[in-house]
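Take a look at this one chain, the form predicted alone, written out in structure tokens.
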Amino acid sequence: MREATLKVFRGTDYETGEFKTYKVPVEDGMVVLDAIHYIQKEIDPDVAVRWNCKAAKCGSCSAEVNGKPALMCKTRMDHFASDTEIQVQPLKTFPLVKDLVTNVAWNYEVNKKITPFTPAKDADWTFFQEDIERVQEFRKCIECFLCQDVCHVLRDHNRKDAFIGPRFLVRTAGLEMHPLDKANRIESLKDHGGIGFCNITKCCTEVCPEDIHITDNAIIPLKERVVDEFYDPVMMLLKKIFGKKQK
């Protein structure tokens, strides 16, 4: 049985914490989370890690594996060469609690500020599959916050004060594009959501474990709506003539 070398971040502070090296036997089908569990059981029971389903559906075991945000339960050990050290560290974008556990509470506070689904009081709830297909993709999000972690606006510039991040642009897109929703969140996206900060590098799409096309299907269409509403000279002229356009 071959052994893998894992370097796991340990500590309660990014500055004073350090990587500790562990040797873990690798069995067929093992994932990084299995290796962390082995370390907890057989070597160091004090290693802190958050996990729940181990089926890539709860989003709890998010971490950075060899520098890339990933779900530990979906990252197979056999994807790494036998002589490769596997470095596991917490999500850089969020405050550290301990070892591999970070505090992602900010995300839930952002979520509270988004106008919820708002159908008309007399809405006709009969609609066809083609009417809803566009927004079904966005409902696949498991809130692992890997997209939030990799986003340079949040990760490198720490603009949590001005940018809601790709996960909540996805949620907003799912609401804005729903055929029965009547609320208008476009002004909020511009003024409070900070959608202009996104420069569509697609790094969020690359790390999404649910393969949501975050940039192409959510962010870019929302950017287009903001431009149409506030920056398109023809639309600005029409609004002056006919009044503010409703959703």
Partner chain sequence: MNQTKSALAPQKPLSTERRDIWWLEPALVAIGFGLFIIYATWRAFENNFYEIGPYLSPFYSPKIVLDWWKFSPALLILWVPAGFRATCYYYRKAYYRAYFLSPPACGVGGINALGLSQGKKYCGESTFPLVIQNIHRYMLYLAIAVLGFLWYDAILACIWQNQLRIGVGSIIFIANCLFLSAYTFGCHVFRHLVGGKLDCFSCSQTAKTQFSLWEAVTKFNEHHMFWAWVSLFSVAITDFYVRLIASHSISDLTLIGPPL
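Because the structure is predicted, anything quoted here is derived from the model rather than measured. Positions refer to the first chain, counted from 1.
From this point on, the text means the form predicted together with the partner chain, which you will not see here.
Asks: May I ask whether Arg76, His79 and Lys140 each come within 4.5 Å of the partner chain in the model of the complex, counting any non-hydrogen atom?
Replies: No: no residue has a heavy atom within 4.5 Å of the partner.
Asks: Of Val26, Cys203, Ala48, Val31, which one comes within 4.5 Å of the partner chain in the model of the complex, counting heavy atoms only?
Replies: Exactly one listed residue reaches within 4.5 Å, namely Cys203.
Asks: With the partner left out of view, is Ile220 within 4.5 angstroms of the partner chain in the model of the complex by any non-hydrogen atom?
Replies: Yes, Ile220 sits close enough to the partner chain in the model of the complex that at least one of its heavy atoms falls within 4.5 Å.
Asks: Taking heavy atoms and a 4.5 Å cut-off, does Thr21 contact the partner chain in the model of the complex?
Replies: No, Thr21 sits far enough from the partner chain in the model of the complex that none of its heavy atoms falls within 4.5 Å.
Asks: Is it the case that Pro95, even though its partner is missing from this view, gets within 4.5 Å of the partner chain in the model of the complex, heavy atoms only?
Replies: Result yes; Pro95 sits at the interface with the partner chain in the model of the complex.
Asks: Can any non-hydrogen atom of Arg171 be found within 4.5 angstroms of the partner chain in the model of the complex?
Replies: Result no; Arg171 lies far from the partner chain in the model of the complex.
Asks: Note that the partner chain is not shown here; using its position in the model of the complex, name the residues of 34-70 with a heavy atom within 4.5 Å of it, in sequence order.
Replies: In sequence order, Asn66, Gly67, Lys68 come within 4.5 Å of the partner.
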